[in-house]
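Next up is one chain by itself, shown in structure tokens, the form predicted alone.
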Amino acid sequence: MSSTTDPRMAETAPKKRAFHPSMLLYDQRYRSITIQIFALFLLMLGAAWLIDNVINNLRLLGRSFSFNFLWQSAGYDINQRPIEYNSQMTHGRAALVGFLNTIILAIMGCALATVLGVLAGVLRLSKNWIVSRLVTVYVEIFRNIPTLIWILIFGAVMAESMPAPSAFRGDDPSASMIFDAIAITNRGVYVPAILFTTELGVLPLGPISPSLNWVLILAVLVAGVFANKYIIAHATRVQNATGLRPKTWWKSLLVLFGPVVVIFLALGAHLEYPELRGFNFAGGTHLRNSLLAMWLGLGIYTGAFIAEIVRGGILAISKGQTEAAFALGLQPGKTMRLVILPQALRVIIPPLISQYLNLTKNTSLGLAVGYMDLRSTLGGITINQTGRELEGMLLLMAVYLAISLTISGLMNVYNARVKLKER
């Protein structure tokens, strides 16, 4: 074989052009990069102008840009406190309490909205005309009235229609506790609190010092979840190999709840019941009306939107899946739980993320009913007292952004696990 190059091929081969500055605009290989660099430059220029303008305006007002106010004494009280706090503590501590109140409300609201949304979405497809129409009325009423109005309505109902603590007093009280353990009053709901005879101390984590008792219980719960995943995976392998799936429900119950029950007994867990002392209840856990109004308002309102998302996800699954499940002898309930909903999750999860994010951001409406969340503490009283509106709002935006990105990231991880994987 000759190693010489065919002159005809050399003539037809494209010649590599030398780089020329005009190629940055007219050559498609470089034009997109040029546009991106130019856009980034304009963005940086605009940000630099904005920062310089802010600094100059602050200088003219005789002010500086500083977050030192976070270490100053707050001087105001917070009614709902998940951690220790008093008015002599710092604004940073008050902001932390507000942040925890926001997280607690977001978790409670997302849980309630998910349960209501899934139930309502499934029931709206019921063949029972009355059930489906009742659920339709719920969905259409709640999602077409602003969430702030629902929050105010629930707050008014709790404050005006519930009995006062004095109604529980006397030989013939006009109100009574539920199971002698739960008191629903116009000042909130009082429920039993879990206490321990043996205290293991606290875990010092800077501004937060959680009880080692609850840290141990949480660690055991997490270990139980992983152990349960191993049990289910083992059952799946046995089923793939033999065609028969071993029973795992008793093993799951044992690993999930057995160790927790043992720890509760070992630590001497007991309930502290609320008791009427004087003009109010003492003991137990006090859930204020502001928290309940926010929880019910956000949860039920968002649940109406989730119901439509669930209904759309179920309708996206082919009817052949249901018919095949019925042909195998599955009952309607098991067909929905084992066949339809797992497939519908691939359609449900993406819009569900948006609803969780909306609910979390709507916790900032707590100011309307006196719920002391992050917006009310850092973005409200702290800014009014210190005059640091720019620093406070920047911190507020950064925290809400971090919360939203965290929720979105966790849900995207779950979405990646349930999506259909091609072989």
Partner chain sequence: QTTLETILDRGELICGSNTGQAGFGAPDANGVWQGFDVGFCRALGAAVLNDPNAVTFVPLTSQTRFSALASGEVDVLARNTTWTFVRDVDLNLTFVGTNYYDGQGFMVTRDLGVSSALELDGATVCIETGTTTELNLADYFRVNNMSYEPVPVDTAAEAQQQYLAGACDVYTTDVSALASSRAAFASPDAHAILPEVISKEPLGPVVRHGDDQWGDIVQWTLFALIAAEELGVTSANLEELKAGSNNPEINRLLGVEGGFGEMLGLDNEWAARAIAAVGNYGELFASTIGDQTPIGLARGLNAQWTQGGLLYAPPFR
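Model, not experiment: these values are computed from the prediction. Here the rigid core means the biggest group of C-alpha atoms that line up within 1.5 Å when the two forms are laid on top of each other. Numbering follows the first chain given and starts at 1.
Just so you know, the form predicted in complex with its partner chain exists too; it's not on screen, but the next bit is about it.
Using a 4.5 angstroms limit between non-hydrogen atoms, residue 186 touches its partner chain in the model of the complex.
Among heavy atoms of residue 286, some come within 4.5 Å of its partner chain in the model of the complex. Proximity of residue 87 to its partner chain in the model of the complex falls within the 4.5 Å heavy atom cutoff. Interface membership of residue 159, defined by any non-hydrogen atom within 4.5 Å of its partner chain in the model of the complex, is confirmed. Comparing 277 to 285, 202 to 210, 261 to 269, 218 to 226 against its partner chain in the model of the complex, the single stretch with non-hydrogen atoms within 4.5 angstroms of it is 277 to 285. Interface residues of 76 to 94, taken as those with a heavy atom within 4.5 Å of its partner chain in the model of the complex (partner not displayed): 76, 77, 78, 79, 86, 87, 88, in sequence order. Once both forms are fitted on their rigid core, the CA atom of residue 58 lies 2 Å or more apart between the shown form and the other one.
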